[in-house]
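Coming up are structure 1 and structure 2: the same protein chain in two forms, each one given alone as structure tokens.
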Structure 1
Amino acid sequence: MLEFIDVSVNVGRSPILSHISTTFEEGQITTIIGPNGCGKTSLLQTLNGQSKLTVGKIMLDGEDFLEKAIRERAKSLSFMPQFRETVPCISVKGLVEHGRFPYLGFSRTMSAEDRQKVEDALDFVSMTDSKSKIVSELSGGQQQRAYLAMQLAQDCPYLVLDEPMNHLDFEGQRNMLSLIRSLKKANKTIILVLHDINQALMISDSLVIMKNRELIAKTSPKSAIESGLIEDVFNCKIRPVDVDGETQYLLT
């Protein structure tokens, strides 16, 4: 279980979040939703050190997460940032191999096990055939899959994906959703930020709802809809639509 206990975050000198507490359960998909600028990214970026805590702590499976060495952290929780400053001109395989970085010893050479994990990760996102392609020359959807494969090679029980649908077209989004579902089947704990409420309602076991830098609620998608919370926070009307036996939601 990943717990945020009384966490406050500053960006620069201005306080962004104060005294947030919430939990992310093992083996579940938990999605943080909320209007832009509500502090979703700032909250999650504490996990990879991009934003710093001023108060509070983060516990992962009962241990103080931020007290651990950065390399150890990277073995238990992997993180896909929302923005990437650069896209490298290296092969997909080269990128995925970087996922093994936290495990490499001083000599930085890969073992047979490392290589196997890289192959498995490429296979999982169906990119084995394009492993020699250059990442910066791929489409947005393929790039996102390549980065996900890197994250899988990192082989962590916890995966954080901050807006993985960024810049993805319809097919890319559908692909990503089904990959996330199969990750859950592989017993991973998944923490997401999503903008598409319908996607969040469909895929999540649990929702963390934020607005104006406050945590409004942590609840199941069902009760978030039934209690009218979603309509309230996003200022919209919500309508269930039956699509081939699966309930989807139309926000208007």
Structure 2
Amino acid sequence: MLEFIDVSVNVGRSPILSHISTTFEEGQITTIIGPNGCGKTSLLQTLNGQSKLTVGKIMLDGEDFLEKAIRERAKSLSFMPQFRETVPCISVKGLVEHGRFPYLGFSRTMSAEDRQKVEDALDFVSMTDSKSKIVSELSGGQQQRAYLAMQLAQDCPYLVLDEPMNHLDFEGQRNMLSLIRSLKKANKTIILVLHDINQALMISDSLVIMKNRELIAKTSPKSAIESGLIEDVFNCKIRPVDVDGETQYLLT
């Protein structure tokens, strides 16, 4: 279990996160939602060091996560950020191989097991036929799948994805949702930030709901709807609709 205990982050005197305590249970899909600027990405960035804790702890399976060596953290939890400053001019396979770096020795020589993990990750995201292509020349959606493959090659029990639907068209988003569900079936623990509330309600086992840089609630999608919490936080009305036998949610 991943646990945030009284986590606060300040930049100078400005609070970015205020006393966040919540848990992310093993084997579940948990999605962080909230209005723009509420601190969703900042909360995730405490895991990769971009947001430095002012107070609090992050515990992973009973151990202080941030006290671990960086390589050991990378064996437990992988992180796909929302934004990237540059897209590398390397092959898709070369990018995915970066996911194996925490397991390599000083020589950075990949074993047969490492190479198989890379091939398995490429196959999982249907990028095997594109592995020789240059990442910077791919479409935004293909790049997202390539970066997800790099995460999968890292072979961590916990996967963190910040706005994984970025740059994806409708079909790409549908495929990404399917991939995330498949990862859960493979016993991965998935932590998401999603902008689309309908997608969050459809795919999540639990929701972490934030507003004004604070935690409002940790609850199930069903409870968040029935209690009126979604409508209160997002200042909207929510209506279930049937789409090909699946319940989706229209926010107005």
Partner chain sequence: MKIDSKKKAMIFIGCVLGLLVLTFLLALVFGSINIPIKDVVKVLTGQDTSSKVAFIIKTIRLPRALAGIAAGAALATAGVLLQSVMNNSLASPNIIGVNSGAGFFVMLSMALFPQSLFSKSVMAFLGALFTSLCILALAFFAEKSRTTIVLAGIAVSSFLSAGMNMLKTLDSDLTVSATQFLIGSLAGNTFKSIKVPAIAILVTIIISIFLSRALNILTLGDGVARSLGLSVDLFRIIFVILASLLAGMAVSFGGLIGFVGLIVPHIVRFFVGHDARVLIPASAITGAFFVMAADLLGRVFFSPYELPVGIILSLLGAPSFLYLLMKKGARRVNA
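Small disclaimer: the values here were computed from a predicted structure and weren't measured. Each residue is numbered by where it sits in the sequence of structure 1, with counting from 1. The term rigid core refers to the maximal set of C-alpha atoms that superpose within 1.5 Å between the two forms.
Participant: Two forms of the same chain appear here; which of them is the form predicted in complex with the partner chain?
Facilitator: Only structure 1 fits here, because that chain is the form predicted in complex with the partner chain.
Participant: Rigid core fitted, is the C-alpha displacement of residue 238 between structures 1 and 2 2 Å or more?
Facilitator: The answer is no, as the C-alpha of residue 238 shifts between structures 1 and 2 by less than 2 Å after core alignment.
Participant: Superpose on the rigid core, then tell me if the C-alpha of residue 12 is displaced by 2 angstroms or more between structures 1 and 2.
Facilitator: The answer is yes; the displacement is at least 2 Å.
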